[in-house]
Structure formats: structure tokens, C-alpha cells
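Only one chain is given next, in C-alpha cells, and it is the form predicted alone.
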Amino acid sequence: MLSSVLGTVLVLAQTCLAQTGDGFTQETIAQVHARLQPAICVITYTSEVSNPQSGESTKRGGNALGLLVSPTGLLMAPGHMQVENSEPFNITVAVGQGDEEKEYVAKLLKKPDDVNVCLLQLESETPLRGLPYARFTSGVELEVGTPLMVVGVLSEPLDFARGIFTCRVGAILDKPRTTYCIDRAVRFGFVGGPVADAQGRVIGVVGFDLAVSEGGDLYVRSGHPLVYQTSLFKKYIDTPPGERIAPSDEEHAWLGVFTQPLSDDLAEYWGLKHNGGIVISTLVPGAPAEQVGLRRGDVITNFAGTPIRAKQDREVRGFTKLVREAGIGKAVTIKLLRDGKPMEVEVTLGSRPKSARDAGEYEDPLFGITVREITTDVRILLNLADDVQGVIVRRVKSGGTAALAGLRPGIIVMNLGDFPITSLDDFRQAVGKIAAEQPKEVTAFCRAGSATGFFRLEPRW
């Protein structure tokens, strides 16, 4: 009898030693880590970050975790690689570790609209086959308290070693879709990492939703780490999207309005029902909206058969997306309220004009300044009348002639020397003529905010 009891105690003790306090056995942790760490990569890239108001852009280096999801080099990465006004390029991916590490160039594929992940494809002169990759399990429903294990990348001082951390499902949100919240913070190198349950099944990846300012739209739960379950992205693995189109090459339909949501407070003030809508705050001169007689203060309630019920700023993006994807040249019916009375108009959508993000620019080494053409969106944002012509300063070289004269990004150059400036070509030609004459001093007549004045430039010939 005593030996039987001692045997039972010994078995229980062994079980307790094998079971860690986070709900995983040591064996499961070791197996999951060994299976997934070969599929985890380190992505290095450069981003060009644009200021939509001034058109000024800066270049920044970055890195992120990449996860191979197919044997032919399809890669999944955190969606924050590509956000509003930030475009990654020069993308390289380090696959493997130590002496087995191999570096590939990668191309960015079209980003999904409904889940904040990026997809990339490794490029190689020979077909890629047999790469290690993560295999996901679909249909696993989690509960509050379910233990989870995440595999990721440690920091550069730790040689990007593949590590783990464990956590639990801290909360479950039901709307607008099932969302699993993690109960602890996530280090940067684990964002995008694969998530396994206590049975060792890989059931998703760690992610963060986009904030509205970053381009978030329908599913915005920003600021808290989430589990993107397999069902959200499996279709993109099974059928990868096409190659990303450069923003400057995209063509979108355009109505030509600046808008805001019809909040309950605004509806109350105007004596309207609290049904939401899109309020027109500004019309672009000559745009489709102005041509059919839309006015400031009109409340759009239906666009091409789709009810519009925006009450919050983040919901305006849904309307913008509807317009953008409706089709250039398409005639659509818009239902609206004007002074509380229902109206209906038909408008033919135009093509979105060039934006600050796509504007042409000219880098002048003589004065150490880069200028950009003034686009329609910048003109409206800066409240520039049509008679204000010129080019807008994008960058100023430190210690250069323009910097010493006090020029800075956002200033509009309207005259350079004796030459009026209305375009990039005017500016380029003016610089060429000034360089030929080599005067001791050149004056630039500029606009800074609502003020105008002269800047004295002293070139170093």
C-alpha cells in the first residue's frame, strides 16, 4: 500500500515539473519553438514618410519580424510596415540564422483591406522551393484565460535570436467581428509573430489594428495587442494578392469634397434626426460635387444606394473608400439633406487630381533647397487662394544658402530674383539664369502662413 502511494506521489510530482505555470508543458514549448523558429525572418527596409499638408517627406530605416507562410517564399509581416503616408522600399529579408542565414530581396504585395498585415514575396533568380514555413490551424475558438505562446525575434544586441513569451486571452470582443485581446504588452520584435495554443496548434499571429490617423477603417481596435486568428488571413495565403501598385500610379474616383461626420451634437443643433451622415465642409472649385450644385453644409445620407450613417471621424473613411472605389466616370445618385429637406442629385465622378504625396519636386544644389509643386489638396489645407502661385519648400539643406537666409519647409516661393514663380519649371529656369549671372545677392519673395516678405540669399559662387 505504501509503495503504491509513493508511486502516485512520484507521478504527480513529475507531472507538476513538466507543467509550467503558464499552462504549457516544457515539451510543448520546445516543440513549438523548434517548429516555428526556422520560419521566422528579419525584414529590413526604408520608408518614405510624407506630410500630407506640406508634401515634405523624410526617409527612415526600419526592421520587422517576417513569417514565412509558404515553401515558395510568401511572407507575412506586421501591417504597420505600410500605413497612411508611409511607403516601404529597399526591402531585404534575412532567412535563417548564423552560418545558414541567407538574404533575399522582397517585393511588397497589395495590402489586405480587412486585416492589418502586409504580404511580401521573396525574389530569387531560381525558383524557391522547400523553405520552412508556418502551418496554421483554422476554426479554433478561444476563451478568456486560454494560454497562448508567441514566437518572435529579440533585439539586435541579442543577435535577433528567436525567443518566446506566454500570455493569455484577456478579453474577447464580439463586434464588428470576433477579436481576441492579449492580457500583456508585446515587445516590438514579437508583433507579427505566430501564436500557438497549449496543444501546440498555430492559431494566428499577433497584431495591432491601425488607428484612424494611420489609415484605419472598418475594424479599428487600435492600441491593444490582438490575436489575428487564422480565418482572417488564410485566404491571402491560399491566393496571394498581386504586386502593390505605387501610390502615384493608382487612379481613384473623386467627388471633390472635404467632409466631416454628422455627430449627434451637430444633428441636435441643426434639428436633424440622429441618423448620422456626411457633412460637406469644403468643395474643391470645379470638382464634380461643385458642378452639380452641392453646397457646404449639405448632409449626404446615401451614396450610390449605400446608406451613410457616419457619426465619428473614423467612420468618414468608409465614405471616402466608397467614393474612391466607385469608378472614374461613373454616374452615381447621392441623397442628401439641405436645410433639413431631402434632395437627390446625380453626379459623374472624376479622377482624383495629383496630391501632395505624388507631386513633382526639384532639388536645387545652388541654394540647397528642394521645392515641390502646389497641389489642390495643399492649396485647400493651407487656405491658399487661386491667385497665390509658386512652389512650396520641401527640404532645406543644413548650412546651405537657403537655410542661412531663414527659409524652411512649408514656405511658398512666389518670386526668385526678378523671376515670377508659378511652377517647378519656372523655378528651375530662374535658378539657371541666376547661376549664369552670378549676382552677389538674390531676393526671394515668399509667403509663410498668412504673411509675405523677402528673404536675402547670398550664393557662394
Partner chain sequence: MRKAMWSLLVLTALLTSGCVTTGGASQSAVLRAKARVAPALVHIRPVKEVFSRGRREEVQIVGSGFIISADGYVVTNEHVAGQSKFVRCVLYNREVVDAEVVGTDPYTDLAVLKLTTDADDLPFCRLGRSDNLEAGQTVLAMGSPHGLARSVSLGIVSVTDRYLEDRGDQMVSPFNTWIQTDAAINPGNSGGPLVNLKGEVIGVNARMLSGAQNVGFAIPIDIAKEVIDEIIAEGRVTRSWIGETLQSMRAKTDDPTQKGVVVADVDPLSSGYEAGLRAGDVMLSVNGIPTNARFEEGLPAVRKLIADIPVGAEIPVRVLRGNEEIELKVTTAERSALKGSQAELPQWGFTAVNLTPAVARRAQLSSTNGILVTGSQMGGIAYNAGLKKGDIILRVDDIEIENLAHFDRVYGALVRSKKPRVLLDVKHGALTRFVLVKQNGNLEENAAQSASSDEGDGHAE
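Whichever C-alpha set is largest while still superposing within 1.5 Å between the two forms counts as the rigid core. Residue numbers count along the first chain shown, from 1. Just so it is clear, the model here is predicted, and its values are computed rather than measured.
The form predicted in complex with its partner chain is left out here; the points below concern that form.
S.K.: Given a 4.5 Å cut-off on heavy atoms, tell me which of 262-270, 166-174, 122-130, 334-342 is the interface stretch with its partner chain in the predicted complex.
M.R.: It is 262-270 that comes within 4.5 Å of the partner.
S.K.: Quick one: does Lys330 come within 4.5 Å of its partner chain in the predicted complex, counting heavy atoms only?
M.R.: Heavy-atom contact with its partner chain at 4.5 Å: absent for Lys330.
S.K.: If you check in the predicted complex, is Gln438 within 4.5 Å of its partner chain, heavy atoms only?
M.R.: So Gln438 does not count as contacting its partner chain.
S.K.: Does its partner chain get within 4.5 angstroms of any non-hydrogen atom of Arg460 in the predicted complex?
M.R.: Contact with its partner chain, no.
S.K.: Looking at the partner-bound form in the predicted complex, is His224 within 4.5 Å of its partner chain by any heavy atom?
M.R.: Taking the distances in the predicted complex, the answer for His224 is no, it never comes within 4.5 Å of its partner chain.
S.K.: With its partner chain left out of view, choose which of Asn383, Ser138, Thr306, Asn90 has a non-hydrogen atom within 4.5 angstroms of it in the predicted complex.
M.R.: Only one option qualifies, and that one is Asn383.
S.K.: Only one of Gly96, Gly145, Gly297, Pro365 comes within 4.5 Å of its partner chain in the predicted complex by heavy atoms, so just point that one out.
M.R.: Answer to the contact question: Gly297.
S.K.: Is it true that Pro38 shifts between this form and the one not shown by 2 Å or more at the Cα, once the core is aligned?
M.R.: No, because once the rigid core is superposed, the C-alpha of Pro38 moves less than 2 Å between this form and the one not shown.
S.K.: So with the core overlaid, does the Cα of Val191 end up 2 Å or more away between this form and the one not shown?
M.R.: No, Val191 moves less than 2 Å.
S.K.: Look at Asn63 and decide if its Cα position differs by 2 Å or more between this form and the one not shown after superposing on the rigid core.
M.R.: Superposed on the core, Asn63 moves its C-alpha less than 2 Å between this form and the one not shown.
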